[in-house]
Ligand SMILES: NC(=O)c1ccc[n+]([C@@H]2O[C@H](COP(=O)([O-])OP(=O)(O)OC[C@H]3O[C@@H](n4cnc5c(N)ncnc54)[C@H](OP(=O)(O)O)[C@@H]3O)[C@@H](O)[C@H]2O)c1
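Have a look below at one chain only, the form predicted alone, in structure tokens format.
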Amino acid sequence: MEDVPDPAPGAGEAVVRLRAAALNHRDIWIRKGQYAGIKMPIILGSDGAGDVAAVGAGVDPTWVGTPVVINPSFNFGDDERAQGPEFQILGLPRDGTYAELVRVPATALHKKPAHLSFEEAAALPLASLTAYRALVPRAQLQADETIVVTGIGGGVATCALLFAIRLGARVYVTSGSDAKLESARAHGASGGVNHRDPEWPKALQALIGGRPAVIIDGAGGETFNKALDLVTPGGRVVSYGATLGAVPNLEVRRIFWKQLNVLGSTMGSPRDFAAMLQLYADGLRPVVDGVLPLDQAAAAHRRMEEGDQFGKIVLRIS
């Protein structure tokens, strides 16, 4: 912990006095030097919620004092199909939310859903935006479809579980932890299998009684290969990350012969963020694994690296 000068809003900007921030794996990769475009020093953190403390020229002054959640996806661009060349994510290259104050474009401000605490609101932005775009604009998930979400317990996967259930889908999950599978069932999953079993696709197919129409995957690696095997012909596999690294021995034949739709998805547009936030405004709550004070950010990082969390890890800012 150290003191830095308070940020001041420029034209079209606002400064938010943060009440809570949340972790993402992105923060760990930046800390380890495993992320593109790293600059130092940098204040980590993409997720944050608090009260607007000040606004710059050209910004409606009635924002001041408003409880807000911050959209961390900046300069997405005008093309809804993909982000443009000026796209940035809060927390690198712009200082992020592990702080008392953060400076952001005023367009990133959204009113906090009234029924959520600041800790719950801080758990939303990056993971929920990523999950929403993967499910709706990309997969175009339909009610009554069967979907598999891999790696349940992580922030994006847990948000995808909640959203898919809210959208009327039947959701099955995978995890390397039986305890996380049980937690997923408690949050509405229809079932799940432990992916430490090399035959987990067969076990999941037997559990489902068929093949899923959609698979949402943030693991990559061999998990992505197995997803191509598991999904129904003509189905959709959406990739939003690759925590397991590159896909080994990828057989393109499985994609064209099954006439699969393999879709990439990253963060989301302002339209996606507003639509995602409406799901929460309608009464949904995020899953929060735990809340620690800001000065225990290192301990929070260790918990995320250990992989034992179910849902978002949040930092409370006094």
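In this text the structure is predicted, and so the values were computed from the model without any measurement. The first residue of the shown sequence is 1; numbering continues from there.
Below, we refer to the form predicted in complex with this ligand, which is not included among the displayed structures.
Chemist: Given that this ligand is not shown alongside this chain, does Ala122 nevertheless sit within 4.5 Å of it in the predicted bound form, heavy atom to heavy atom?
Modeler: Flag for Ala122 set to no.
Chemist: Would you please decide whether Met304 lies within 4.5 angstroms of this ligand in the predicted bound form, comparing each non-hydrogen atom pair?
Modeler: Output for Met304 is yes: heavy atoms within 4.5 Å of this ligand.
Chemist: Is there a heavy atom of Gln140 lying 4.5 Å or less from a heavy atom of this ligand in the predicted bound form?
Modeler: Contact with this ligand, no.
Chemist: Does at least one non-hydrogen atom of Thr266 fall within 4.5 angstroms of this ligand in the predicted bound form?
Modeler: Result yes; Thr266 sits at the interface with this ligand in the predicted bound form.
Chemist: Among 99-107, 215-223, 230-238, 160-168, which stretch has residues with heavy atoms no more than 4.5 Å from this ligand in the predicted bound form?
Modeler: Contact criterion met by 215-223 only.
Chemist: Taking 4.5 Å between heavy atoms as the contact cutoff, choose which of Pro72, Gly192, Pro201, Gly154 touches this ligand in the predicted bound form.
Modeler: None of the other options qualify; the answer is Gly154.
Chemist: For the stretch 95-129, which residues lie within 4.5 Å of this ligand in the predicted bound form by non-hydrogen atom distance?
Modeler: Stretch hits: a single one, Leu126.
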